[in-house]
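Only one chain is included here, represented as structure tokens and corresponding to the form predicted on its own.
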Amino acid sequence: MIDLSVLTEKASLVAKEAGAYLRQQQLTFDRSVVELKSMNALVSDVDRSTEELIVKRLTEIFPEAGFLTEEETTTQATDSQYTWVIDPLDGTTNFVHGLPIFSVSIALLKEEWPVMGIVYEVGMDECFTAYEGGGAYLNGKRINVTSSERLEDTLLATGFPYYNFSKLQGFQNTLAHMYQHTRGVRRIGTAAVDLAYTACGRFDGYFEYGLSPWDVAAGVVLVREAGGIVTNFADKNVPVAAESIIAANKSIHPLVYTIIEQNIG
């Protein structure tokens, strides 16, 4: 039986170490070495080297667990019920262009259910942590989702599709509604941070489609442990495996879901 509180503390140190490495690398980063992994999806040697660092450190603290990683730098397979889900650099485009908003995301799944999440927002030196039943924290202080009840009082976050445009018109219609019925919609370029900011109340909610498990796994735990609701666009409680997500407090979530259901289906 693992102690999630102890494991979270150790894994957060790994996230901070990786973040310090990224911070240093951005100072001298050469944009010409960037590769195009897929349409609008950038990757660099920094993504890969950071992931290798994280995998090495997590293996040291919990060798029984397997890995699901964005850059596939490890092929470690295991029969363990636990799996690390890692995004070494969420917000690669921001990083490449010198923007200060990017993050390290580390989650732990138990039989495909997220039980621990860490998002380290490098530019602000903010470490968001949570584990199942333990609450959510920012730099050691308890955080909670907002208590907003009306859409008109909310600030929402989203991400623009960058390769899957099958729902584009419905997504545009959803945004048009949000422009007119909220305090605004923000797109900062890292799903992990969007979820962390929703967990701590900076955003009242977040929605996006075209996602992968490593984009959201850690943030899902943060929002749930901060008192929020997380589903996919079909209002099903399977956001880590799904390609879409809605995260918000208990009052705002159904309002956002209804608008998405009407426009995207």
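Note that residue numbering follows the sequence shown and begins at 1. Quantities reported herein were computed from a predicted structural model and do not represent experimental measurements.
Omitted here: the form predicted in complex with a small molecule. The next part is about that form.
When you look in the predicted bound form, the only residue of Gly123, Gly170, Gly189, Gly134 with a non-hydrogen atom within 4.5 Å of the small molecule is Gly189. Taking the partner from elsewhere, no residue among Thr154, Gly228 and Val230 has a non-hydrogen atom within 4.5 angstroms of the small molecule in the predicted bound form. In the predicted bound form, the small molecule sits within 4.5 Å of a heavy atom of Asp215. Interface residue remark: Thr92 is counted as part of the site for the small molecule in the predicted bound form, having a heavy atom within 4.5 Å.
A residue is said to contact a partner when one of its heavy atoms sits within 4.5 Å of a partner heavy atom; Tyr162 meets this definition for the small molecule in the predicted bound form. When contacts are judged by a 4.5 Å heavy atom cut-off, Leu211 counts as touching the small molecule in the predicted bound form. Comment: 189-197 is the region of 145-153, 189-197, 125-133, 173-181 lying near the small molecule in the predicted bound form, near meaning a non-hydrogen atom within 4.5 Å.
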